[in-house]
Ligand SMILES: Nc1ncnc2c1ncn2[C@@H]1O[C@H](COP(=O)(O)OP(=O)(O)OP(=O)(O)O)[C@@H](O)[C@H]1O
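Here we start with a single chain on its own, the form predicted alone, put down as structure tokens.
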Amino acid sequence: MKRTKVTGIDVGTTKVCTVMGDIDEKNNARVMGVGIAPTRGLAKGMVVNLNEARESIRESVRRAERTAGYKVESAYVGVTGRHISSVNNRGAIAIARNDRLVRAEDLKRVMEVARSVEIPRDQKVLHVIPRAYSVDGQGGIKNPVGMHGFRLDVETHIITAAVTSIQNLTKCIRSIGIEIEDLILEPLASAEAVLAPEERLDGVLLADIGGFTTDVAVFKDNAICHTSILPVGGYQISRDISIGLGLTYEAAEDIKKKHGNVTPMGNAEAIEDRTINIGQQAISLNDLGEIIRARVDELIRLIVMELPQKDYARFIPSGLVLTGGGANLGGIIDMARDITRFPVRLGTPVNLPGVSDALCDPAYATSVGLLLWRTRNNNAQTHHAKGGLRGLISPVLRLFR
């Protein structure tokens, strides 16, 4: 059976993860290589040092190639950062032909109308995602091709990104000899790896807690309806520990990973205090927990505030799915459940065949999702309109030519 090689590169603020794999004719994915390297030269999802960022990406790719046994030629690349914006918009066109039959070219026309929203000059369209179509007022249609009608409407979710940020990231990747198949907003990729089809249909809130940012996406009726990037992540928690306990940032990060826990204080086991020694300093685990809880409480409330509707029980009956490295904090699921009062679960990436053992961790949701994006969006209705993705990449292509 013929297999097609696919690679995903997640350039995060704390790590770069390259996942190499292949897919068969039935779109089943298999992981062939994984390369993880610490990130340098990025801050809050944006390149701040081209040389350092390029070397971090090169090292991650090299490690994945060593495992897979072949070279990366092209890749799907994750995009995040505070420069990302989104908006919902509608478009409508008339079906003027005598047979009143909706054709594929009509879908392209109505998407062009929908994407004609005013955006800042320093931003370009990254994704134009159709949420639902309607024909002559009949809504909820996912694929209107072949239907008859006088008017075609579409509801879209439009995601934009800063031109310079995308150009800098693209420059880093192309400079190591890798073509870019597509740029994917990271929460969209994470959703591919951790969300169940019924959650997307009923309504769910996804939060990917990264090093410097938290990526938020809301799905309803099997379509995305809201995305945002919050400027809070694991870094802020470690920073609070560093300041509150008088530790270096590196020591604070280490103690957070080894002993961080946000189990509510009402738990009987949490009341008994214990201490650990960091050098000559004795650290109270209860004090550590108090500091982490304060920041996580703020983060959970910020995530919930991103919901476009306040009737949470009806809008997102599937509740909240937490993923990303920050979701590994002990007790965070219970704490989020206590704060939100709706279902909360941990989003762990699907276990793919091959050398994917290291990826069965929420920290690698985006990495796995980038690989799955190719398998699940071969014939997807995600449109990169003219002047969108290619409009962002082409100036960089000219630069390297």
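Don't overthink the numbering: it's just position in the shown sequence, from 1. Because the structure is a prediction, the values reported are computed rather than measured.
Although not depicted, the form predicted together with this ligand is the subject of the following passage.
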Proximity to this ligand in the model of the complex, single hit among E253, E199, E155, D106 (heavy atom within 4.5 Å): E253
Taking 4.5 angstroms as the cut-off for heavy atoms, does F315 touch this ligand in the model of the complex? no
Just checking whether F212 would be counted as a contact of this ligand in the model of the complex - the rule being heavy atoms within 4.5 angstroms. yes
According to a 4.5 angstroms non-hydrogen atom cut-off, is Y235 in contact with this ligand in the model of the complex? yes
is_contact(G21, this ligand) in the model of the complex, heavy atom dist at most 4.5 Å: no
Stretch from 155 to 163, 137 to 145, 173 to 181, 227 to 235 whose residues place a heavy atom within 4.5 Å of this ligand in the model of the complex: 227 to 235
Contacts with this ligand in the model of the complex, stretch 72 to 99 (heavy atom within 4.5 Å): T80
